[in-house]
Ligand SMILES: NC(=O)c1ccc[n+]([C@@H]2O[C@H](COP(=O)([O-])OP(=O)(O)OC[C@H]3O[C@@H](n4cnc5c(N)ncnc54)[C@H](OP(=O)(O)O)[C@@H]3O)[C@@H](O)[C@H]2O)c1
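Only one chain is included here, represented as structure tokens and corresponding to the form predicted on its own.
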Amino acid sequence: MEMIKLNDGVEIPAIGFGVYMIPNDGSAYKAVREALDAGYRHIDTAAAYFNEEEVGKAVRDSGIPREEIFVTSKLWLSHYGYERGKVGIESSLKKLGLDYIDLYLIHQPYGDVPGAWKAMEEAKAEGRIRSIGVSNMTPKIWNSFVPQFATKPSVNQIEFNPFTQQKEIRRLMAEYDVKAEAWYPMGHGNAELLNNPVIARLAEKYGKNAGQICIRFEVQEGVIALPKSANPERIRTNADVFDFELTEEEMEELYALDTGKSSHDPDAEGVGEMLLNAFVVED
């Protein structure tokens, strides 16, 4: 697995295993164990995924040294603000059953983000979090919050795939060497993306599937990809992208697929309130 160095010196695997919408009924535990057995060493969860317990148990039961597994979780809106942020961090650590979290993110950029960020900075200074970052920040949101931060984020987890390349926010992030992490790296099963003629031709050329072409594009672009699946074979193939390399011309073809659009608009009115009411995360 290739590694990417973050702006704080921490190294993160280029591909992680996402567990969004995998339930905490044994399914998340099984999927994470499958991913670890397949060679993944980066697991991405969140308080609002409601499966931190099974993710942590899978990591602990894997037999793999803790320092070899990179674990990400995320603070939910109901734990924003300085004091609530400290509670949310402790809750994630307790549910995961881990002494530290490798990367902890502001999950949704609304409300008292600066207060929550301060709590995360303190946890990082204390060694309970190794790196801190944000998610779903657009240029408008970035400019309203990040200039207030004493510590700049290490990552911004955003929707990213060949159809959604987020060029404007990535230009802002580049000023501080902030890495992009891709949710929906394969377009969440978008048939138009996966059946695109350019991607289909490249898949045939390299003996890969369309999802693997998308992930390889992201790896070469320096974007950390977070594919998610509960299917053991798909879990394995999603990470099997290091035995080929797209040419410069092929990368240019994929750059040209950018639509400038995404499935989620963080700047839309009322999104923060809607999300806050959508999930109740217990302390």
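Start at 1 with the first residue shown and count on from there. Keep in mind it's a predicted model, so treat the numbers as computed, not measured.
One more form of this protein exists, namely the form predicted in complex with this ligand; it is left out here, but the text below deals with it.
**Student:** Find out whether any non-hydrogen atom of residue 91 is located within 4.5 angstroms of this ligand in the model of the complex, and reply yes or no.
**Tutor:** Residue 91 lies outside the contact set for this ligand.
**Student:** Can any non-hydrogen atom of residue 211 be found within 4.5 angstroms of this ligand in the model of the complex?
**Tutor:** Result yes; residue 211 sits at the interface with this ligand in the model of the complex.
**Student:** Contact between residue 188 and this ligand in the model of the complex at 4.5 Å, heavy atoms?
**Tutor:** Taking the distances in the model of the complex, the answer for residue 188 is yes, it comes within 4.5 Å of this ligand.
**Student:** Is residue 34 close enough to touch this ligand in the model of the complex, meaning at least one heavy atom pair within 4.5 Å?
**Tutor:** Residue 34: no, not in contact with this ligand in the model of the complex.
**Student:** Looking in the model of the complex, is this ligand within 4.5 angstroms of a heavy atom from every one of 78, 131 and 180?
**Tutor:** The answer is no; none of 78, 131 and 180 reaches this ligand.
**Student:** Between 251, 257, 38, 230, only one gets a heavy atom within 4.5 angstroms of this ligand in the model of the complex; which residue is that?
**Tutor:** Contact with this ligand in the model of the complex is made by 230 alone.
**Student:** Specify the contacting stretch among 180-188, 164-172, 117-125, 143-151, defined as having any heavy atom within 4.5 Å of this ligand in the model of the complex.
**Tutor:** Residues of 180-188 come within 4.5 Å of the partner.
**Student:** Are there residues in 21-38 with a heavy atom within 4.5 Å of this ligand in the model of the complex, and which are they, in order?
**Tutor:** Not one residue comes within 4.5 Å of the partner.
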